[in-house]
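The data below hold one chain only, encoded as C-alpha coordinates and taken in the form predicted on its own.
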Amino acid sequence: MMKKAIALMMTTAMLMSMTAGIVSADRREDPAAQTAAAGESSKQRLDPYAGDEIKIAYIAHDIGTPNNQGWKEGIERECGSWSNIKVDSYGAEEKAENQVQIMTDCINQGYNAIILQCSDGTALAPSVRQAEEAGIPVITVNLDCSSDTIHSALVMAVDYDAGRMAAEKMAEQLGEEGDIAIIQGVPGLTRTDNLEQGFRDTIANYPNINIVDAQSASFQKDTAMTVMNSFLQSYENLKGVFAINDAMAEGAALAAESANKKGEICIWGADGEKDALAMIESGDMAGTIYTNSWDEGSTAAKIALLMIGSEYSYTCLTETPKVIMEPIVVTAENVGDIAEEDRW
(Lines give C-alpha, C1' and ligand atoms only; values in the text may rest on other atoms or scores of the structure.)
Protein backbone atom coordinates (compact mmCIF):
# COMPACT_ATOMS: atom_id res chain seq x y z
CA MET A 1 0.00 0.00 0.00
CA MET A 2 1.03 3.63 -0.53
CA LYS A 3 1.54 4.29 3.18
CA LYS A 4 4.11 1.50 3.40
CA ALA A 5 6.02 2.92 0.46
CA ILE A 6 6.02 6.38 1.99
CA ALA A 7 7.16 5.02 5.36
CA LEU A 8 10.01 3.16 3.66
CA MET A 9 11.04 6.25 1.70
CA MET A 10 11.00 8.33 4.88
CA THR A 11 13.14 5.76 6.65
CA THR A 12 15.61 5.64 3.77
CA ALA A 13 15.78 9.43 3.62
CA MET A 14 16.41 9.64 7.34
CA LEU A 15 19.19 7.07 7.20
CA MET A 16 20.76 8.88 4.25
CA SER A 17 20.61 12.17 6.15
CA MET A 18 22.20 10.49 9.17
CA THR A 19 25.03 9.19 7.00
CA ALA A 20 25.43 12.58 5.29
CA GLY A 21 25.65 14.30 8.64
CA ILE A 22 28.18 11.78 9.86
CA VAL A 23 30.39 12.17 6.79
CA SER A 24 30.28 15.93 7.26
CA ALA A 25 31.22 15.54 10.90
CA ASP A 26 34.16 13.30 10.00
CA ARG A 27 35.61 16.03 7.81
CA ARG A 28 35.59 18.72 10.46
CA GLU A 29 38.99 19.87 11.62
CA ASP A 30 37.91 20.33 15.22
CA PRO A 31 37.98 16.84 16.87
CA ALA A 32 35.65 18.05 19.61
CA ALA A 33 32.99 18.73 16.98
CA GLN A 34 32.83 15.00 16.27
CA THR A 35 31.53 14.23 19.76
CA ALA A 36 28.01 14.92 20.99
CA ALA A 37 27.65 16.84 24.22
CA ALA A 38 26.53 13.72 26.08
CA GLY A 39 30.00 12.10 25.96
CA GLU A 40 32.03 9.45 24.20
CA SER A 41 30.84 6.09 22.87
CA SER A 42 32.50 2.69 23.05
CA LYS A 43 30.40 1.32 20.20
CA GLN A 44 31.86 -1.54 18.14
CA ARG A 45 30.59 -2.58 14.73
CA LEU A 46 28.96 -5.99 14.25
CA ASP A 47 27.41 -7.41 11.08
CA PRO A 48 23.86 -8.71 11.76
CA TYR A 49 23.62 -10.14 8.24
CA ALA A 50 26.90 -12.08 8.30
CA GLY A 51 26.19 -14.27 11.30
CA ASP A 52 27.36 -12.10 14.20
CA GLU A 53 25.30 -12.81 17.31
CA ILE A 54 22.95 -9.88 17.96
CA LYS A 55 20.71 -9.15 20.94
CA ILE A 56 18.06 -6.42 20.76
CA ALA A 57 15.96 -5.39 23.76
CA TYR A 58 12.50 -3.90 23.32
CA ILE A 59 11.40 -2.10 26.50
CA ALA A 60 7.77 -0.98 26.57
CA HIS A 61 5.84 1.36 28.84
CA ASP A 62 3.19 -1.36 29.08
CA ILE A 63 3.80 -4.47 26.98
CA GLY A 64 0.14 -5.53 27.00
CA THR A 65 -1.39 -2.60 25.09
CA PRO A 66 -2.25 -3.00 21.39
CA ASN A 67 0.28 -0.36 20.32
CA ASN A 68 3.10 -2.08 22.15
CA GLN A 69 2.06 -5.47 20.84
CA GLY A 70 2.01 -4.01 17.33
CA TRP A 71 5.51 -2.56 17.69
CA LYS A 72 6.73 -5.82 19.22
CA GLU A 73 5.40 -7.87 16.33
CA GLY A 74 6.87 -5.44 13.80
CA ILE A 75 10.29 -5.70 15.44
CA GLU A 76 10.09 -9.49 15.54
CA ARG A 77 8.96 -9.69 11.92
CA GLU A 78 11.91 -7.57 10.80
CA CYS A 79 14.44 -9.66 12.71
CA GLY A 80 12.79 -13.06 12.36
CA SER A 81 14.56 -14.15 9.18
CA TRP A 82 17.96 -14.36 10.90
CA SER A 83 18.56 -16.99 13.57
CA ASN A 84 21.52 -15.02 14.92
CA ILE A 85 19.33 -12.00 15.81
CA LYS A 86 17.51 -12.37 19.12
CA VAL A 87 14.78 -9.98 20.32
CA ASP A 88 13.83 -9.88 24.00
CA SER A 89 10.78 -7.85 25.08
CA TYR A 90 10.22 -6.28 28.49
CA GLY A 91 7.18 -4.56 30.00
CA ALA A 92 7.62 -1.86 32.65
CA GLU A 93 4.05 -1.95 34.00
CA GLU A 94 3.71 1.79 33.28
CA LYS A 95 6.44 2.69 35.78
CA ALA A 96 9.48 4.75 34.84
CA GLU A 97 11.50 3.30 37.72
CA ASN A 98 10.94 -0.18 36.30
CA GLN A 99 12.20 0.97 32.90
CA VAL A 100 15.29 2.51 34.48
CA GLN A 101 16.09 -0.82 36.15
CA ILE A 102 15.44 -2.78 32.94
CA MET A 103 17.68 -0.38 31.02
CA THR A 104 20.46 -0.92 33.58
CA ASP A 105 20.08 -4.69 33.31
CA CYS A 106 20.15 -4.60 29.50
CA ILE A 107 23.25 -2.41 29.48
CA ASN A 108 25.00 -4.75 31.91
CA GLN A 109 23.97 -7.78 29.83
CA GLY A 110 25.58 -6.27 26.74
CA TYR A 111 22.61 -5.89 24.41
CA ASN A 112 23.59 -4.56 21.00
CA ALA A 113 20.64 -2.17 20.66
CA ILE A 114 17.64 -1.04 22.69
CA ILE A 115 14.24 -0.03 21.34
CA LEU A 116 12.52 1.99 24.05
CA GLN A 117 9.11 3.55 24.66
CA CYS A 118 9.88 6.00 27.47
CA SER A 119 7.45 6.06 30.38
CA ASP A 120 9.00 9.34 31.53
CA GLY A 121 11.36 11.20 29.22
CA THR A 122 13.20 13.03 31.97
CA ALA A 123 13.61 9.97 34.19
CA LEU A 124 14.86 7.79 31.29
CA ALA A 125 17.29 10.35 29.83
CA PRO A 126 20.28 9.28 32.00
CA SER A 127 19.68 5.63 31.09
CA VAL A 128 19.54 6.44 27.39
CA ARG A 129 22.77 8.41 27.68
CA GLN A 130 24.41 5.57 29.61
CA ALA A 131 23.42 3.04 26.95
CA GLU A 132 24.72 5.17 24.09
CA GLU A 133 27.99 5.81 25.91
CA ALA A 134 28.29 2.04 26.39
CA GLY A 135 28.04 1.62 22.62
CA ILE A 136 24.39 0.48 22.62
CA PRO A 137 22.25 2.42 20.10
CA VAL A 138 18.88 3.50 21.53
CA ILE A 139 15.89 3.94 19.22
CA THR A 140 12.89 5.43 20.99
CA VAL A 141 9.32 4.75 19.82
CA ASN A 142 6.53 7.35 20.14
CA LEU A 143 7.33 8.34 23.73
CA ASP A 144 10.80 9.90 23.62
CA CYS A 145 13.33 10.83 26.27
CA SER A 146 14.10 14.48 26.97
CA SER A 147 14.82 16.48 23.83
CA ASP A 148 18.37 17.42 24.86
CA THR A 149 19.42 13.76 25.13
CA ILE A 150 20.84 12.90 21.71
CA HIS A 151 20.44 9.27 20.75
CA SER A 152 20.41 7.10 17.63
CA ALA A 153 16.82 7.72 16.46
CA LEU A 154 13.18 8.38 17.30
CA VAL A 155 10.41 6.61 15.34
CA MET A 156 7.02 8.12 15.99
CA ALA A 157 3.48 8.63 14.85
CA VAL A 158 2.43 12.23 14.33
CA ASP A 159 1.36 13.94 17.53
CA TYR A 160 0.41 17.62 17.16
CA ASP A 161 -0.92 17.01 13.64
CA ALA A 162 -2.92 13.99 14.82
CA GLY A 163 -4.72 16.24 17.27
CA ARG A 164 -5.22 18.84 14.55
CA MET A 165 -6.64 16.33 12.06
CA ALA A 166 -8.99 14.80 14.64
CA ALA A 167 -10.25 18.25 15.62
CA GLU A 168 -10.92 19.29 12.03
CA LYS A 169 -12.91 16.16 11.24
CA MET A 170 -14.79 16.17 14.55
CA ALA A 171 -15.77 19.79 14.00
CA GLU A 172 -17.12 18.87 10.56
CA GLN A 173 -19.10 15.95 12.01
CA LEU A 174 -20.56 18.17 14.76
CA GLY A 175 -21.63 20.87 12.34
CA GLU A 176 -19.07 23.15 14.04
CA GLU A 177 -20.98 23.47 17.32
CA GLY A 178 -21.49 21.69 20.64
CA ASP A 179 -19.91 20.87 24.01
CA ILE A 180 -16.98 18.44 23.94
CA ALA A 181 -14.48 16.95 26.38
CA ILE A 182 -10.97 15.51 26.25
CA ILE A 183 -9.73 12.26 27.81
CA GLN A 184 -6.04 12.80 28.42
CA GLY A 185 -3.18 10.32 28.56
CA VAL A 186 -0.35 10.93 31.02
CA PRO A 187 0.25 14.69 31.26
CA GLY A 188 3.89 15.66 30.84
CA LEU A 189 4.65 13.14 28.10
CA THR A 190 5.57 14.89 24.86
CA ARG A 191 3.22 12.86 22.66
CA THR A 192 0.28 13.30 25.06
CA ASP A 193 0.83 17.04 25.40
CA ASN A 194 1.34 17.59 21.66
CA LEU A 195 -1.76 15.62 20.69
CA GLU A 196 -3.89 17.59 23.11
CA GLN A 197 -2.35 20.91 22.08
CA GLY A 198 -2.94 20.19 18.40
CA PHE A 199 -6.56 19.38 19.17
CA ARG A 200 -7.09 22.44 21.38
CA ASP A 201 -5.40 24.88 18.99
CA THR A 202 -7.55 23.67 16.10
CA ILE A 203 -10.86 23.51 17.97
CA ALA A 204 -10.24 27.12 19.02
CA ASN A 205 -10.93 28.05 15.38
CA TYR A 206 -14.57 27.01 15.89
CA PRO A 207 -16.19 29.53 18.27
CA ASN A 208 -19.36 27.48 18.74
CA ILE A 209 -17.50 24.38 19.98
CA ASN A 210 -16.71 24.48 23.69
CA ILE A 211 -14.28 22.22 25.59
CA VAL A 212 -16.11 21.75 28.88
CA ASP A 213 -13.74 19.33 30.64
CA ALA A 214 -10.49 17.36 30.37
CA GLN A 215 -9.48 14.44 32.59
CA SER A 216 -6.68 11.89 32.47
CA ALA A 217 -7.32 8.16 32.07
CA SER A 218 -3.60 7.27 31.80
CA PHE A 219 -4.08 5.50 28.43
CA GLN A 220 -6.30 2.83 30.08
CA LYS A 221 -9.67 1.65 28.72
CA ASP A 222 -11.23 0.86 32.11
CA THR A 223 -10.19 4.22 33.57
CA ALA A 224 -11.59 5.96 30.50
CA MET A 225 -14.98 4.32 31.12
CA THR A 226 -15.02 5.89 34.58
CA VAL A 227 -14.00 9.28 33.21
CA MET A 228 -16.65 9.09 30.49
CA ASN A 229 -19.34 8.20 33.02
CA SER A 230 -18.33 11.31 34.95
CA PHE A 231 -18.65 13.42 31.78
CA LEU A 232 -22.09 11.97 31.02
CA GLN A 233 -23.32 12.76 34.52
CA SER A 234 -21.91 16.28 34.53
CA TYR A 235 -22.68 17.47 31.00
CA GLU A 236 -26.16 16.72 29.74
CA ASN A 237 -25.48 18.26 26.33
CA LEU A 238 -22.11 16.61 25.69
CA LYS A 239 -21.73 16.10 21.93
CA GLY A 240 -18.15 14.95 21.45
CA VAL A 241 -15.10 13.38 23.14
CA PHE A 242 -11.51 13.29 21.95
CA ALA A 243 -9.36 10.61 23.61
CA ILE A 244 -5.58 10.77 23.27
CA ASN A 245 -5.40 7.07 22.34
CA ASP A 246 -7.78 4.44 20.98
CA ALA A 247 -7.94 2.37 24.16
CA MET A 248 -9.44 5.34 26.01
CA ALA A 249 -11.76 6.12 23.10
CA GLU A 250 -12.98 2.52 23.22
CA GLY A 251 -13.62 2.89 26.96
CA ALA A 252 -15.58 6.08 26.33
CA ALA A 253 -17.63 4.33 23.65
CA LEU A 254 -18.45 1.45 25.98
CA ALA A 255 -19.59 3.90 28.66
CA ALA A 256 -21.75 5.74 26.14
CA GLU A 257 -23.35 2.47 25.05
CA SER A 258 -24.08 1.54 28.68
CA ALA A 259 -25.81 4.91 29.07
CA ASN A 260 -27.94 4.19 25.97
CA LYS A 261 -26.13 6.90 24.01
CA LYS A 262 -24.45 4.77 21.37
CA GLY A 263 -23.82 6.88 18.28
CA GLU A 264 -25.15 10.04 19.93
CA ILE A 265 -21.72 11.30 20.99
CA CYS A 266 -18.91 11.91 18.50
CA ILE A 267 -16.03 9.87 19.99
CA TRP A 268 -12.52 10.10 18.52
CA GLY A 269 -9.27 8.34 19.30
CA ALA A 270 -5.74 8.26 17.89
CA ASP A 271 -3.63 5.21 16.92
CA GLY A 272 -5.78 3.12 14.61
CA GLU A 273 -5.80 -0.22 16.41
CA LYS A 274 -8.09 -2.92 15.01
CA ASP A 275 -10.63 -2.76 17.87
CA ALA A 276 -11.09 0.96 17.24
CA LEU A 277 -11.54 0.33 13.52
CA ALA A 278 -14.22 -2.25 14.35
CA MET A 279 -15.95 0.28 16.62
CA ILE A 280 -15.96 2.81 13.80
CA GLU A 281 -17.57 0.19 11.55
CA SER A 282 -20.21 -0.56 14.19
CA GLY A 283 -20.97 3.11 14.82
CA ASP A 284 -19.61 3.16 18.38
CA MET A 285 -16.76 5.53 17.46
CA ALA A 286 -16.71 8.40 14.98
CA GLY A 287 -13.06 8.20 13.96
CA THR A 288 -9.37 7.80 14.71
CA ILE A 289 -5.97 8.73 13.31
CA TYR A 290 -4.49 5.50 11.94
CA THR A 291 -0.79 4.62 11.97
CA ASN A 292 0.51 1.14 11.12
CA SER A 293 2.25 0.04 14.32
CA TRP A 294 3.71 -3.03 12.61
CA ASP A 295 5.51 -0.74 10.17
CA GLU A 296 6.58 1.51 13.04
CA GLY A 297 8.16 -1.40 14.93
CA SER A 298 9.76 -2.73 11.76
CA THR A 299 11.23 0.70 11.04
CA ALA A 300 12.70 0.93 14.53
CA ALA A 301 14.30 -2.50 14.05
CA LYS A 302 15.73 -1.49 10.65
CA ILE A 303 17.42 1.51 12.23
CA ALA A 304 18.71 -0.59 15.14
CA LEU A 305 20.28 -3.09 12.75
CA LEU A 306 21.74 -0.28 10.65
CA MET A 307 23.39 1.27 13.70
CA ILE A 308 24.69 -2.08 14.92
CA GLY A 309 26.16 -2.78 11.49
CA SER A 310 27.89 0.59 11.05
CA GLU A 311 30.93 2.14 12.71
CA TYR A 312 28.96 5.29 13.45
CA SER A 313 27.51 6.23 16.82
CA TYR A 314 25.32 8.92 18.30
CA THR A 315 28.43 11.07 18.90
CA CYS A 316 28.32 12.11 15.23
CA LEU A 317 24.83 13.56 15.60
CA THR A 318 23.89 17.12 16.48
CA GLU A 319 20.30 16.10 17.19
CA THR A 320 18.26 12.91 17.36
CA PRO A 321 17.06 11.86 13.86
CA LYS A 322 13.31 11.33 13.55
CA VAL A 323 11.17 9.14 11.33
CA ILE A 324 7.52 10.22 11.40
CA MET A 325 5.09 7.57 10.20
CA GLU A 326 2.30 8.47 7.77
CA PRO A 327 -1.11 9.10 9.41
CA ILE A 328 -4.55 8.47 7.92
CA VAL A 329 -7.79 10.08 9.11
CA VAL A 330 -10.27 7.19 9.44
CA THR A 331 -14.05 7.53 9.66
CA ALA A 332 -16.99 5.34 8.66
CA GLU A 333 -16.56 6.57 5.09
CA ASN A 334 -13.09 5.09 4.58
CA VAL A 335 -12.52 2.53 7.35
CA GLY A 336 -13.14 -0.26 4.84
CA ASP A 337 -10.03 0.86 2.97
CA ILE A 338 -7.82 -0.42 5.82
CA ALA A 339 -7.10 -3.99 4.73
CA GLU A 340 -7.27 -6.84 7.24
CA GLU A 341 -3.54 -7.48 6.86
CA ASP A 342 -2.88 -3.89 7.98
CA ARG A 343 -5.05 -4.07 11.09
CA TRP A 344 -2.80 -4.54 14.11
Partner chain sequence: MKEFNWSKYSKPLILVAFVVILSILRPKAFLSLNNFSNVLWSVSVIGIMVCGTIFVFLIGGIDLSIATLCAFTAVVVVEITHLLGDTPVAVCVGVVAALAVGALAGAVHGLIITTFHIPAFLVTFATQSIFLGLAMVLTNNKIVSCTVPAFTAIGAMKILGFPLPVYFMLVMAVISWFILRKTVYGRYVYAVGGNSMASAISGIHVKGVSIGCYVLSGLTTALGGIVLASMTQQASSSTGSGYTNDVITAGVIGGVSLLGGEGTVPGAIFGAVLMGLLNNGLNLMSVPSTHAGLVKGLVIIVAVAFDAMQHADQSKKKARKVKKRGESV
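Everything quoted here is computed from the prediction, not taken from an experiment. Numbering follows the first chain given and starts at 1. Take the two forms, find the largest set of C-alpha atoms that superpose within 1.5 Å, and that set is the rigid core.
The same protein has a further form, the form predicted in complex with the partner chain, not shown here; the description that follows concerns it.
Annotated contact segment (heavy atom within 4.5 Å of the partner chain in the predicted bound form): 182-190, selected among 78-86, 113-121, 161-169, 182-190. In the predicted bound form, at least one heavy atom of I63 sits within 4.5 Å of the partner chain.
The partner chain is not drawn, but in the predicted bound form it has no heavy atom within 4.5 Å of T315. Contact check for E133: no non-hydrogen atom falls within 4.5 Å of the partner chain in the predicted bound form. Not displayed here, the partner chain is kept clear of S310 by more than 4.5 Å at the level of heavy atoms in the predicted bound form. This chain appears without its partner; in the predicted bound form, the one residue of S147, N208, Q197, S234 with a heavy atom within 4.5 Å of the partner chain is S234. Within 4.5 angstroms of the partner chain in the predicted bound form, the stretch 199-233 places a non-hydrogen atom from each of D213, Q215, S216, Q220, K221, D222, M225, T226, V227, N229, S230, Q233, taken in sequence order. Core-superposed comparison between the shown form and the other one: CA of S216 displaced by 2 Å or more.
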